Every structure is written in C-alpha cells, then in structure tokens.
Ligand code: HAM
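This document starts with one chain, in the form predicted alone, laid out as structure tokens.
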Amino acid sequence: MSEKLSFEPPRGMRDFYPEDMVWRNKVFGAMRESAARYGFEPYDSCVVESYELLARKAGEEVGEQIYHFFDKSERHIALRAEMTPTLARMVAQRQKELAFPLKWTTIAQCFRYERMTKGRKREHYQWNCDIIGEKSILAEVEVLGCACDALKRMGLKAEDFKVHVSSRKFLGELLEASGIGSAKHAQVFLALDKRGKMPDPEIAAMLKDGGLSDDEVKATFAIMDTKDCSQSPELAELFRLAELAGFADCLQFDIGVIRGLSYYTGIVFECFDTKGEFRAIFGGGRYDNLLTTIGGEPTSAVGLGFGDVVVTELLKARLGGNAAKEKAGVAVGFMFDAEADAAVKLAARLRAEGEQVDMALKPQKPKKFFSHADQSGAAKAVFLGPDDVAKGVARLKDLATREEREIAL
C-alpha cells in the first residue's frame, strides 16, 4: 500500500494562498513603484545558473547552501541563491554595448538550502536595486533612498526601522592606524561579521586563528566602539546628501556592519526594525570588484538585496494581520436565474468602465450574497432581484458606509 501523500510543500518552501498573495502584492507593489520613481529599469533572468558562476563568489559554503545538480547532459547547474552573480554575468556579457551607469532592478525568486530560523526560508523573493558604473556617493544615496521609500510605501514609519551604515574602507583605515596590516583585514572582517551571532570570546579565538596577536585582538574590539564617522569623507558625504534627499532620519552610523561577503569594497549597510525583533530587512553596499572575478572589466557598483520574508512578518506585526487587504471593486449578484443575463450585462459594463468586478456564478439569497461580498474584499455591491430588472434600475451599495445610490441597468 502506497504511503499517504503529504499536502505540505517541501520543507522551507511556501504556498501562496489568496490571503498570502494580498501581502505579497502589497510588498512587491511598493518595491516596483519605488524603483520606478527612482529611475531603475526592470530586468530578469533564468532561475537556473551554472554552478561555476555561483561558486566563484567567495566567503560562502557554496556546496552546502546551494541547490545544485547535474542535468541530463552532465552540466553542473544550480538554482540561484541570489541575483548578484547573475547580474554580474549579464553585464559582463554586454559590457562593451551597455551605456553606463546602469540602474537596474528585479524581484527574483531565490533558493538556498540552509538551516531555517525566524525570517529565513529555503525559498524567498529578493528585490535587487543596483547602480553599475558610477563611483559617486550619489549611487549609494539613490539605492538607500529607494529602499527607504519602499518601506514607507508599505506603511512603515521612520521610527519603525533604521538603516545601519558603515564603510569597509573606513574600518580598514582604523585597523591600519591600530597597527593591523591589510593582509589580516579579510580575516578580521569575516570574524567581526559573526558578532552578535557568536559570543565575543569565540570571535577573539577566530581573530587569533587568523594570525592576530593578543594586542591586535584588543585593538580590534576597541575599534568596534567607534561612534563617530566624521573622519570618513565618504560616510560624511553620504549623511549630508541623505539629509538633502529627506531620509537622513532613516540612517545611523554603525561600525559593526561588516557584510561578510568579500566582494564588498566600500560603504555597506543593513536595515533592521528598531525594536530588534527580526533579522535584517535588507542589506548591501558597494562592490567594485565583482565583475572582475568572473572575467569582466573593472566596474564600480552599488546594490542591495531586500527579501520578502522578514519585511512581511514585520508589516504584519506593526500594521496588523489584515492591513494588506484593501476594499476594492464591485460584487454583482442576482436572486433568480431570470436575472442572470442582466447581471452579466451589468458586470461587463462596469468592467468596461474600469471597475474590478466579482460576479456571482449562481442565484443567491441577499443575506448570503452580501456576506460573501464583505468577505471577498469588495468595496461596493449590486444585487439584482426581479423588481430591479423590471424597472431597469438597481441599487449600488457602499459596503463600508451602507449608503446606496441608484444606477441604470
């Protein structure tokens, strides 16, 4: 006898029922609208990539975290874990033809096999906004401004989140000034990126394993207490421009933001809810060397990755579980089969006029129809009975105010 089939999706994956799609549409809609307002052009790509491309990205346990396999022609391929390597490949492919700077955006479904925790699945959608081919700090300003704008469009206020901003270049300068040479910086960045996830004694052990002396370990922890970024021209300029752009209240300096991936070269950032209840909402930074790692020409770039899982959980917590379901459109129903034709004609007319219409598929009693109309999310409703059709006039009801007005059939 065959084993009973589970109705659950594979572990770490998600189904999106209509009530889930309401939230996804709210999040994606804000992302797309903000990207368009900030002049980002949409792009997309295949969900399957060559394993070699993804494996070239340093600093991650690629073999353990990426879904990879051999196809029927023995090609080693993988499901994308994020969009940045694909973006680099696409730009490198047409680097001689493209007009820089590029401002590109996408919402990509990504897959990563890893231990699941709060806010982390094995499948998620990630919004990417990248500016490629521009060295100016204005690139960081545009990317960060766009992300903050999206969060506000979703319904959050500046006091609900903060973007923690730092600079790997600035941190490197502080390390150099403390006598810690550049040869040790990669190990320092890797260890410090674990801070908050591991206790400090374990971080210290990692630093020592990386070749740091006891004094250098002590100096590294002292640097992590830095509160002033005025010595960094690029950070000072970023905060000045953010003030002019109107979103400086969303930013704060945090030397502890490292971003463990080795391709980041300058300003880096991570966004968190101010209550500290969730994982990072988004993260990113400047990555001026990524294209060269896959054989492209050196090109400056700034980008962010913004997942849908954490922000949806945050929105539900701050706005309420039903906040995404906005009342819209018209429900059209009828009492007997004899009114069905009139209902079809009315629904067609309302749709032609631009209305969103949910039409009943069979006769119903008024109480059942209006109950369904309320649950369906309609803003208005029309119910046709024999008298309405005979008179050629129906009543359009506002389901929130219960006010009615007559409309001709």
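So that there is no doubt, residue numbering starts at 1 and follows the sequence shown. Just so it is clear, the structure is predicted and the values come from calculations on it, not from any experiment.
The following text describes the form predicted in complex with this ligand, which does not appear among the structures shown.
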**Request:** Sort through Arg153, Lys103, His164, Arg112 and report the residue having a heavy atom within 4.5 Å of this ligand in the predicted complex.
**Result:** Arg112
**Asked** Out of Ile203, Leu251, Leu79, Ala280, which one falls within 4.5 Å of this ligand in the predicted complex, going by heavy atoms?
**Response** Ala280
**Request:** Please determine, with the chain shown alone, which of 68 to 76, 203 to 211, 113 to 121, 182 to 190 has non-hydrogen atoms within 4.5 Å of this ligand in the predicted complex.
**Result:** 113 to 121
**Prompt:** Even though this ligand is not shown here, does Arg318 get within 4.5 Å of it in the predicted complex, heavy atoms only?
**Reply:** no
**Prompt:** Should Gly305 be classed as touching this ligand in the predicted complex when contacts are defined as heavy atoms within 4.5 Å?
**Reply:** yes
**Message:** I'd like to know whether Thr84 contacts this ligand in the predicted complex, with contact meaning heavy atoms within 4.5 angstroms.
**Reply:** yes
**Item:** is_contact(Tyr263, this ligand) in the predicted complex, heavy atom dist at most 4.5 Å
**Value:** yes
**Prompt:** Going through 286 to 302 from first to last, which residues have a non-hydrogen atom within 4.5 Å of this ligand in the predicted complex?
**Reply:** Tyr287
